[in-house]
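For reference, the chain that follows is the form predicted on its own, supplied as structure tokens.
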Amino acid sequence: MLEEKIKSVIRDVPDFPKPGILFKDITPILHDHKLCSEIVDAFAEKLSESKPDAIVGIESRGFLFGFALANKLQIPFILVRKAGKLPYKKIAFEYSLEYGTAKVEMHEDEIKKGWNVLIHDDLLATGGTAEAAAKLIQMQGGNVSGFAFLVELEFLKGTEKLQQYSKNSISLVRY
């Protein structure tokens, strides 16, 4: 089963980025081109009925499989980046973190009104960054058609936060 294959490759890094956190490192997956292809194929299969108009990938690990998936589905791939990283005219959304705030941005001409857009990231924790991406899509007149994550940390209940944008959420691996 794909979930077990992925879990066997993900590396646990204790106390990163701060003490008490067990970080799920997906970078070892990138050494296995066959597993990467299986992951993209699994996402494509799960999305076969929803047919998004575009995929938004969240910086930075959301770019890895998000771009490959958009390419496979032959639809545009759109970047959501941390503030100050995009060169053209942009829109921004600031959101709360456990300690302080963060801001993400997108070019202002990326989403066409009425588009159904899938948001992709490598990992769903509390859902704050994915929610910020959803807000950026809505600010441009797009609809959030769903979310796709490689890994979901279910105990942090991020899916609950995202349900107001779309009930369609895919996670290939759950902890």
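Don't overthink the numbering: it's just position in the shown sequence, from 1. Only a predicted model underlies this, so the values are computations on that prediction, with no experimental measurement involved.
Although it is not shown, the form predicted in complex with a further copy of the same chain is what the next lines describe.
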Exercise for the section: Spell out, yes or no, whether the shortest heavy atom distance between Leu79 and a further copy of the same chain in the model of the complex is within 4.5 Å. Expected result: yes
Practice task
Determine whether any heavy atom of Lys167 comes within 4.5 Å of a heavy atom of a further copy of the same chain in the model of the complex, and answer yes or no.
Solution key: no
Practice task
Flag Val13 as yes or no: does it have a non-hydrogen atom within 4.5 angstroms of any non-hydrogen atom of a further copy of the same chain in the model of the complex?
Solution key: yes
Exercise for the section: May I ask you to check whether Ala44 falls inside a 4.5 Å heavy atom distance of a further copy of the same chain in the model of the complex? Expected result: no
Handout entry: a further copy of the same chain in the model of the complex reached by all of Leu97, Glu131 and Phe149, non-hydrogen atom within 4.5 Å
Key = no
Practice task
May I ask you to list the residues of 97-118 that have any heavy atom within 4.5 angstroms of a further copy of the same chain in the model of the complex, in sequence order?
Solution key: His107, Asp109, Glu110, Trp115
